[in-house]
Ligand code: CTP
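The form predicted on its own is given below as one chain in structure tokens.
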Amino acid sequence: MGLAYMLGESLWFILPAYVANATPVVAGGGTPLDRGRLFIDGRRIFGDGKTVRGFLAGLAAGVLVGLIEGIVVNSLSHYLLLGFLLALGALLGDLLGSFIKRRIGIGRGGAAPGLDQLGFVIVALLLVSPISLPSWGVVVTILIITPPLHLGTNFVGYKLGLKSRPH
């Protein structure tokens, strides 16, 4: 199995999670998921950057990618489920990252290297694992390619004025 094949297989598998994670940057805004509530430590649970609209748009976008993948490979129900689980996992992983960042005093848009780039993918893979987990080679490839892809897309989002910081 060649490098190009492994890269393609990895991107194909994780694409619903990638799209779900990126969509709230474009389609988010509105009511924060935590509705301004504070955790027991007196800090916001997630912060203003995690919104109901962003979460639902991310979930819908990830499911849509799963739907398209299912149509392409003629396995609609399987890929719809994969798309849903990967998208939900990515969004929950991102929320977990925001929750952790608030606990350690990192504000909205603040960097947490590793957590920002891999948290959403790890939770997505864990959530989808009972249904379908790719080979270890694909998992390792996903873990290797995600940080530079995440940083690159964040930089593009910053240049387009969608993000306040380039990381």
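Computed from a prediction, not measured in an experiment: that's the story for all the values here. In case it trips you up, residue 1 is the first one in the sequence shown, and so on.
This next part talks about the form predicted together with ligand CTP, which is not shown.
*Asks:* Which listed residue (G114, G36, P130, G107) meets the criterion of a heavy atom within 4.5 Å of ligand CTP in the model of the complex?
*Replies:* Contact check passes for G107.
*Asks:* Please determine whether V25 contacts ligand CTP in the model of the complex, using a 4.5 Å cut-off between heavy atoms.
*Replies:* The answer is yes: V25 has a heavy atom within 4.5 Å of ligand CTP.
*Asks:* Please tell me whether any heavy atom belonging to R102 falls inside 4.5 Å of a heavy atom of ligand CTP, as the geometry stands in the model of the complex.
*Replies:* Yes, R102 lies within 4.5 Å of ligand CTP in the model of the complex.
*Asks:* If we define contact as a non-hydrogen atom of the residue within 4.5 angstroms of the partner, is P134 a contact of ligand CTP in the model of the complex?
*Replies:* Judged by the heavy-atom cut-off of 4.5 Å, P134 is well away from ligand CTP in the model of the complex.
*Asks:* At 4.5 Å between heavy atoms, is T141 in contact with ligand CTP in the model of the complex?
*Replies:* Output for T141 is no: heavy atoms all beyond 4.5 Å of ligand CTP.
*Asks:* Taking a heavy atom within 4.5 Å as contact, would all three of S10, Y18 and G83 count as contacting ligand CTP in the model of the complex?
*Replies:* So, no: the whole triplet misses ligand CTP.
*Asks:* I need the one stretch from 36 to 44, 122 to 130, 51 to 59, 65 to 73 whose residues put non-hydrogen atoms within 4.5 angstroms of ligand CTP in the model of the complex.
*Replies:* Contact criterion met by 51 to 59 only.
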